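In structure tokens, one chain follows: the form predicted alone.
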Amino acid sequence: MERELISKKELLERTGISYGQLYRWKRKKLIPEDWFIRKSTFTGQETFFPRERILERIHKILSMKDSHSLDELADQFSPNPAEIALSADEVLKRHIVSKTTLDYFYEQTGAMESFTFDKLLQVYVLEQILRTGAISLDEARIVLAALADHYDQLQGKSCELLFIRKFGLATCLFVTAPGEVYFEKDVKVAIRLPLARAIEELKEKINAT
């Protein structure tokens, strides 16, 4: 499942940013190192990026850079977890998830007085995957269990959550970048969710007033 890529030349032309800006943002960790993909072409080695993700990131940087420092943006985009603990009421007030999702999460984990970042990420991912309608409630339990089991290993890494099926059997896996995943033809990908993007969105909701 190879990602659609955009060349560095096309990226600069399409966004209007300069070569210097691009690599300054890379040094400041606003753009992950593993998004810079070197590939051989008929003209030699060229740099490419995952199209959708880099265009979305640059749009956010341009829209936020006048009101936030580069260090603040780097923290916002970082895949490292925020230090936070929210009550259930705060989770709902900040529209992190719906009450329906929260109630279902409680059914699987039991009620809790406060949500640390790892629990917030679990319930937020649960909300995102249930909204797609691509998996059932029973299958959502597989995702929750996988997130709980592998959260420590995934901290600070850019990775994607994949939920796949083959002949009625389903499983969840995490793919760390850089890398591509190729499946045999009978495998169906039901969910493909970049966790770094989910963490970024979650941080925005946590910081919302």
Partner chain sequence: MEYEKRRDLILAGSGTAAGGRYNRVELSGSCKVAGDIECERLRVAGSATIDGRVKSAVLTVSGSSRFEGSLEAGELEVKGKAHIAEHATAKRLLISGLVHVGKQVSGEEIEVSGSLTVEENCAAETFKAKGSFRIGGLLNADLVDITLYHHSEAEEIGGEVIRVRRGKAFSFGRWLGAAYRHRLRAETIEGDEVMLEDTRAKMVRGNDVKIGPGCEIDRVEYNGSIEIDADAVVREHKKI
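Positions refer to the first chain, counted from 1. Bear in mind that the values here come from a model prediction, so they are computed numbers and not experimental data.
What follows is about the form predicted in complex with its partner chain, which we do not show.
The closest non-hydrogen atom of residue 24 lies within 4.5 Å of its partner chain in the model of the complex. Its partner chain in the model of the complex is not approached by residue 205, whose heavy atoms all lie more than 4.5 angstroms from it. Shown alone here, residue 67 lies farther than 4.5 Å from its partner chain in the model of the complex, counting heavy atoms only. Taking non-hydrogen atoms only, residue 28 approaches its partner chain to within 4.5 angstroms in the model of the complex. Contact here is defined as any heavy atom lying within 4.5 Å of its partner chain in the model of the complex, and by that definition not a single one of 90, 106 and 118 is a contact residue. Per the 4.5 Å heavy atom criterion, its partner chain in the model of the complex is contacted by stretch 32-40, the sole one of 32-40, 161-169, 141-149, 56-64. Shown without its partner, the chain has no residue in segment 106-123 with a non-hydrogen atom within 4.5 angstroms of its partner chain in the model of the complex.
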